[in-house]
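Here we start with a single chain on its own, the form predicted on its own, put down as structure tokens.
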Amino acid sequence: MRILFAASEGLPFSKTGGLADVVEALPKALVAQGHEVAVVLPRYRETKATAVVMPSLTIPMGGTRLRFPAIADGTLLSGVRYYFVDDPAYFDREGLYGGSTGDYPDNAERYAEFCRAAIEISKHVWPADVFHCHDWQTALVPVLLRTSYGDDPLVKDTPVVFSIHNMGYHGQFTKDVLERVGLPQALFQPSGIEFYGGVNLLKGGLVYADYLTTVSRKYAEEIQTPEYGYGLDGVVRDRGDRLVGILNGVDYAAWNPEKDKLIAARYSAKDLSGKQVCKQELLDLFGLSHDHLERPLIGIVSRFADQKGFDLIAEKAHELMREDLVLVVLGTGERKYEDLFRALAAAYPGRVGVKIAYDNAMAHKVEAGADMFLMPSRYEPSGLNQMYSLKYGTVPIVRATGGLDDSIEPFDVEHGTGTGFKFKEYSGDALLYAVRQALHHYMDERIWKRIQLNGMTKDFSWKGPAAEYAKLYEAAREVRGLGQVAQNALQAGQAAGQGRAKETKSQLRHLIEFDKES
């Protein structure tokens, strides 16, 4: 199968968040399973290309305006072909989505052009059997395929799988964006992309894609509720029969203590001795004494934001530090939380280490050197650090939401099962109780090692998720491939009688139903 990914960012070329990790790892896993995969990305300022595939592609925008981006070849990496949409006026900028003053005001135009260019790449450069689109920046691909390209024999029946990595980002614009980017006015209705008087591009992906995915089964349930749906929960519920949750995988080529070149000593489930060496190095790097080697060390690596549960940490910070523990924090984000951790480091010298930075190498050292890893997120669509932690024998303490709930099993001391500690209620008391549970079990070396080994033997590689996505692509192709058959059958049924037509339609729907439990 030939699968064309369209995404606004992807490693090793561009990144602001977890989407980039997925767009790098999932295509590689699909290629390893025998599929052909290409990825289309914008050519941002730091993106290097090897050659020009098309020097000028004609892209219609609103009115009589045309744009002429080039299509650049990003070479072949791990069997995955990369293409870039090259329009310097739109993409050669300081940031991907915005600058110091906020989001770029022409983001709708930028990503509308990108979506049209992705479709044209499938027409002229790399014919695809299925599109896999990611987040609001690519949501116009299914919209355009079913409207503006609805009569184009080359692409009109190409199926689309649309992935929601974070429901909190919609791509909302004023109504006039329809004219600015050349979208049919007929789309501006409640069953289209209208949203409280404006235009919502994410909604377009939800409505027009053949199948929807989110990055964990739990998050697929959560976005159908008002709490997590951000006003689109009703739309998602309406598409519930086409919504599948597939937990993100982990790239163990990069995150594995047996092979990790960024940590002080390598170790494995068979020999954990290197983890103590990593703990010593971590204490050194954060200016903390080796006197703390026997104390439990809690690590945090995160973007500092309310979404990540830092309001709960702020609420219980001093109670937390009254426990016999050491805290190491790496991250950057909202100023109030940066100040919080600086103040904690000053209030508890020698027991709290803080680095306000994004540092991949240091993140590896925290994962390897910490005893526990804290992720009390308000919501977490998938999460990766908790799965990294399991592999590194660093016991996760998480809130039971999204991918955190799917990937962490609460420890059961009676049966010796489970991989970490979870709390459900979003409160400081619940967080503190979970931390105290972990600290209690840490005191028993035998029990603690059992928890570590339970986690280290888990397999969260991309092999399983890639196979699930491949099944979903096939299901989407069946939906599109059977579309004309269904229509012909219905027409025949109408000639024979309306009742028989309904029966035929029902049978066909049954044939293409995707098994969500597969």
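Since we're looking at a predicted model, the values are computed, not measured. Quick note: we count residues from 1 along the sequence shown, nothing fancier.
Keep in mind that the form predicted together with a small molecule is missing from the display, and what follows is about it.
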| message | Just to confirm, with a 4.5 Å cut-off on non-hydrogen atoms, which of A209, L330, L327, A108 contacts the small molecule in the model of the complex? | response | L330
| Which one of L77, V354, A363, A264 is close to the small molecule in the model of the complex, taking close to mean a heavy atom within 4.5 Å? | A363
| field | Contact stretch among 429-437, 379-387, 82-90, 175-183 - heavy atom within 4.5 Å of the small molecule in the model of the complex | value | 379-387
| Does L19 make contact with the small molecule in the model of the complex, using a 4.5 Å heavy atom cut-off? | yes
| query | Would R303 count as a contact of the small molecule in the model of the complex, using a 4.5 angstroms cut-off between non-hydrogen atoms? | reply | yes
| Just to confirm, N256 within 4.5 Å of the small molecule in the model of the complex by heavy atoms? | no
| Does K308 reach the small molecule in the model of the complex, with heavy atoms at most 4.5 Å apart? | yes
